[in-house]
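Read the single chain below, which is given as structure tokens and is the form predicted alone.
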Amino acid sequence: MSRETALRATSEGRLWQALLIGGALAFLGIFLALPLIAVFAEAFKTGLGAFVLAVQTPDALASIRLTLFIAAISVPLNMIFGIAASWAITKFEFSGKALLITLIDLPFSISPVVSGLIFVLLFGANGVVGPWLAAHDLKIIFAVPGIVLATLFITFPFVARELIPLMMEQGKSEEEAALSLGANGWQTFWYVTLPNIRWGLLYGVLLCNARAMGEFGAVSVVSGHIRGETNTMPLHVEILYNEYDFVGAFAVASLLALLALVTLVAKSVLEWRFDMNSGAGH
């Protein structure tokens, strides 16, 4: 290949690279940056005082508390499940492993609304166990327990799906070495496995938390939309918008957007730390 041909190929590559980067940035600007700017602009359109009043109403505060409460329950439980499932799948051989992996991916393959309907069919008044629950004065659907269950179902793949490829790549040689040196199972996990997966674990927890706080479809089906009781922040935004309370709707939506931005920054930091640690490992 001549020098001229090589230079032409290089310049064409740079041109296509610039076009691709420019297209990606334009796409992100139109579909991500502009909507975020619009949300914050509408939230503060009538001033900071109106924004503060909108987010300090009893219903708004109740939706914020409920959203944080649901995340505080679902994220730790999914973290425990994700670690246990990843450990079992990557460190042991057993029948049904493929089925377990398929079940972990199930929430990714079905609509969140369908997920919510499944819980209604199970725990609703006319559901499979609904009459038994009613007889024992237990309420799941249109109550906080139903929201917790729906959120758990929607978010449980995130931690496991981050850890399984990571732990498969790492193998189990270090754990086997620790066991051969006399460490028990808990010591092996705490001092060998957990340090190796900590950044991937934090990344999965972060994604799980973001989805738990922003989930709408499944929660909408099982919540009943009871103001001050079963409305999470996304549901409260919908109600305010449908009532033409645009300041209140965009004020609460801006809080969700702010949480998303914080998640994005934390995600970028974790990706950087994870790549840095992976590079150091090699």
Partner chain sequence: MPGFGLTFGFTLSWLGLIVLIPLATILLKAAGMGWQEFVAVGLSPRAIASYRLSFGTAAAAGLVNAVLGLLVAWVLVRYRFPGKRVVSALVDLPFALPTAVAGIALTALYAPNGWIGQFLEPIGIKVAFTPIGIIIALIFVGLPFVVRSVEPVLADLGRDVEEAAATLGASRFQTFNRVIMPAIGPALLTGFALAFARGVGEYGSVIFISGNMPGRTEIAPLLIVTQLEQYDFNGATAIAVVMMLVSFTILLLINGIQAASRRRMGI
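Predicted model, so just to flag it, every value in this text is computed and none were measured. Residue numbers count along the first chain shown, from 1. Between two forms, the rigid core is defined as the largest C-alpha subset superposing within 1.5 Å.
Just so it is clear, the following notes concern the form predicted in complex with the partner chain, a form of the same protein that is not shown.
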| property | result |
| --- | --- |
| Non-hydrogen atom within 4.5 Å of the partner chain in the predicted bound form for each of 35, 214 and 241 | yes |
| Residue among 168, 181, 100, 134 with a heavy atom within 4.5 Å of the partner chain in the predicted bound form | 100 |
| 61, 30, 226, 48 - the one with a heavy atom within 4.5 Å of the partner chain in the predicted bound form | 30 |
| Heavy atom of residue 139 within 4.5 Å of the partner chain in the predicted bound form | no |
| The partner chain contact at residue 149 in the predicted bound form, heavy atom, 4.5 Å | yes |
| Partner contact for residue 52 in the predicted bound form: the partner chain, 4.5 angstroms, heavy atom | no |
| Exercise: residue 256 in contact with the partner chain in the predicted bound form, heavy atom 4.5 Å | yes |
| Residues of 93 to 128 having any heavy atom within 4.5 Å of the partner chain in the predicted bound form, listed in sequence order | 94, 100, 103, 104, 106, 107, 109, 110, 111, 112, 113, 114, 117, 118, 119, 120, 121, 122, 126, 128 |
| Cα displacement of residue 21 between this form and the one not shown reaching 2 Å, rigid core superposed | yes |
